[in-house]
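What follows is one chain in structure tokens, specifically the form predicted on its own.
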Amino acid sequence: MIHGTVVGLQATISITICRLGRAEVEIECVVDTGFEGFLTLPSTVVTDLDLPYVAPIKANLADNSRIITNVHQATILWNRAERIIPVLAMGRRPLIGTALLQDYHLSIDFCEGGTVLVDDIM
């Protein structure tokens, strides 16, 4: 089970980025159920983490505009297991998308300090 907290009416969850031979890094992310990808990180964070580059892709934004952004690869700890996922280098804050939540149950108590839970679907 993954625990998070509601901050400023945004559901947040911390994820751990695993780096070969280096210390793990924990990053607080906002859960964005309108984002169908796995994870976005600001370009500066992707650079700081030295995440491997995969390819450019066209991405659709909430205002229906299209941009080209870079995809990188990251190994994260998710529900006590390592997962290799694509990471879009874009935006100002880290976002968790619905691809990472696929096959999990998400529950959120929408109040300041409320509980965010991500758990296996029974």
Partner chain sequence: MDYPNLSREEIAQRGEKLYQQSIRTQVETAENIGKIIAINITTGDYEIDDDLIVACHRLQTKQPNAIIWTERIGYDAVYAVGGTLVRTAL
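Just so it is clear, the model here is predicted, and its values are computed rather than measured. Numbering follows the first chain given and starts at 1.
There is another form of the same protein, the form predicted in complex with its partner chain; it is not shown, and what comes next is about it.
For the chain shown alone, V30 is not a contact residue for its partner chain in the predicted complex, no non-hydrogen atom being within 4.5 angstroms. Using a 4.5 angstroms threshold between heavy atoms, Q73 counts as touching its partner chain in the predicted complex.
Taking non-hydrogen atoms only, I84 approaches its partner chain to within 4.5 angstroms in the predicted complex.
The shortest heavy atom separation between R92 and its partner chain in the predicted complex exceeds 4.5 Å. Interface residues of 31-49, taken as those with a heavy atom within 4.5 Å of its partner chain in the predicted complex (partner not displayed): G34, F35, E36, G37, F38, in sequence order.
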